[in-house]
Ligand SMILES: Cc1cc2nc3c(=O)[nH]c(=O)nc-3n(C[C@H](O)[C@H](O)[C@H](O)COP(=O)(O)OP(=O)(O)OC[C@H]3O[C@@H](n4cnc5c(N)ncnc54)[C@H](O)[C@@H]3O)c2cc1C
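Take a look at this one chain, the form predicted on its own, written out in structure tokens.
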Amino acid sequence: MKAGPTVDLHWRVPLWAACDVVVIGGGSAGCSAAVAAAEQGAAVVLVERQGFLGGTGAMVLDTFYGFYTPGSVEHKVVGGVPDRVIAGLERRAMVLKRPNTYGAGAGLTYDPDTLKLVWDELAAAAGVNVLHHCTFVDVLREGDRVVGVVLATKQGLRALRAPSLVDASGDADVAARAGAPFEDAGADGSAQSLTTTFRMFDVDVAAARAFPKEALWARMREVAERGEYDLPRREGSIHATPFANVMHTNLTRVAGVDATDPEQLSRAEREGRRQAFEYARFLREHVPGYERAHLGGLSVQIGVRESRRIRGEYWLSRDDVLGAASFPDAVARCGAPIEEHHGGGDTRWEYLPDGATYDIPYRCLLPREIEGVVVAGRCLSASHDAHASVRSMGQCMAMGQAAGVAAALAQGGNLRGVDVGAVRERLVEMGAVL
């Protein structure tokens, strides 16, 4: 369907509430931002379209990457609010540390449903007002300043006003709607592929883990080239979980999708499910340990890696990543390699020097041409290659934590004028690694 003529609707939107900080998106970045802002004394409203917190971490994936650097010596580069998330999972014995399939640093694998509860507890302890089943629709503006948002709720449209807004939507929905410049990877065809994840139950885990990944990938290629299975990706990862006899997959690949286009995203959801059942059939019929296994636990939605990326006050580049760049306004660190899930059968990996990290500057979180908005998460200002490194959930939490502190400290929503030194001091006090 194509958009037709505009319809002039004269809505009267009731003002629901006013607060100090509104956070749009309750994923890793948004939850961290809301908790951090509230702990600085701000009155915070966190808006989430689902009935739970956690975003991609609760709907698609079960592993936090980006906490640790790869290489011969491991360094922890994420701390603060993210540490409390892990502690909440550890108290329930629902997290395990494991190596990455491709040598990209240790991951922290957890139970997504327990993660939802942990985020509930952290948000409640900080005094965050969480609104579920509410969808961002539009911004309220005064000149070039964003002063609030319009939400769609079961009771109709409602408005929230706040001097500072954190856009943790993943797709830069707030910044884009406000007129900030951005690069649309989906529209220009450069966006990374999407993935529907799934779990396999009743797996002989010992037998499955004893089958080398190289042998798995070789078998994928063999059966796909013979036309027996439709397997767009001929590699990928399958890993153990905190549960007995359960393995989690990251195998499917849906390429060429603009995730901000509702029709394309809808088709991608259906294609991702179709692929999931095809990969599960392959595992049962060709991979040791899966002979009696069955598919379960499809991701709540397809996983989106890349869509809009804002054009901010600084543009993080491939050279910054691979050159381990440092910045005076650093608010987070990353050692993750460039991990590009292109449309082909494999994945492109490029690594930093052994043990190295680069800084994420605060300026990457500030959209140009608008005031009152700071972004956090995968919609930051970064090139396609740099984004393929910095989008890990560990870095999304770290960026969210920084954005939340900045939003709370910004006088009158002056996020460009905030004292970055003071933000950095608060982050270190919270346990962040800078």
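In case it trips you up, residue 1 is the first one in the sequence shown, and so on. Nothing here was measured: the structure is a model prediction, and the numbers come from that model.
Below: the form predicted in complex with this ligand, not depicted.
Undergrad: Have a look at G303, P112, P232, G71 for me and say which one sits with a heavy atom within 4.5 Å of this ligand in the predicted bound form.
TA: Of G303, P112, P232, G71, the residue with a heavy atom within 4.5 Å of this ligand in the predicted bound form is G303.
Undergrad: Just one of A402, C396, V35, V374 has a heavy atom within 4.5 angstroms of this ligand in the predicted bound form, so which one?
TA: Only one listed residue qualifies here, and that residue is C396.
Undergrad: For the interface check, one of 405-413, 36-44, 63-71, 365-373 should have non-hydrogen atoms within 4.5 Å of this ligand in the predicted bound form; which one?
TA: It is the stretch 63-71.
Undergrad: With the partner left out here, check for me: in the predicted bound form, does some heavy atom of S307 sit within 4.5 Å of this ligand?
TA: Heavy-atom contact with this ligand at 4.5 Å: absent for S307.
Undergrad: Is there any non-hydrogen atom of C134 lying within 4.5 Å of this ligand in the predicted bound form?
TA: C134: yes, in contact with this ligand in the predicted bound form.
Undergrad: Do T56 and this ligand come within 4.5 Å of each other in the predicted bound form, heavy atoms counted?
TA: Because a heavy atom of T56 falls inside 4.5 Å of this ligand in the predicted bound form, the answer is yes.
Undergrad: Is the gap between Q50 and this ligand in the predicted bound form 4.5 Å or less for some heavy atom pair?
TA: Although this ligand is absent here, Q50 would touch it in the predicted bound form, with heavy atoms inside 4.5 Å.
Undergrad: Does each of S164, S317 and D329 have at least one heavy atom within 4.5 Å of this ligand in the predicted bound form?
TA: No, because S164, S317 and D329 lack any heavy atom that approaches this ligand to within 4.5 Å in the predicted bound form.
Undergrad: Using a 4.5 Å cut-off on any heavy atom, which residues of 17-52 would contact this ligand in the predicted bound form?
TA: Read in sequence order, the residues that approach this ligand (within 4.5 Å, in the predicted bound form) are I24, G25, G26, G27, S28, A29, G30, V47, E48, R49, Q50.
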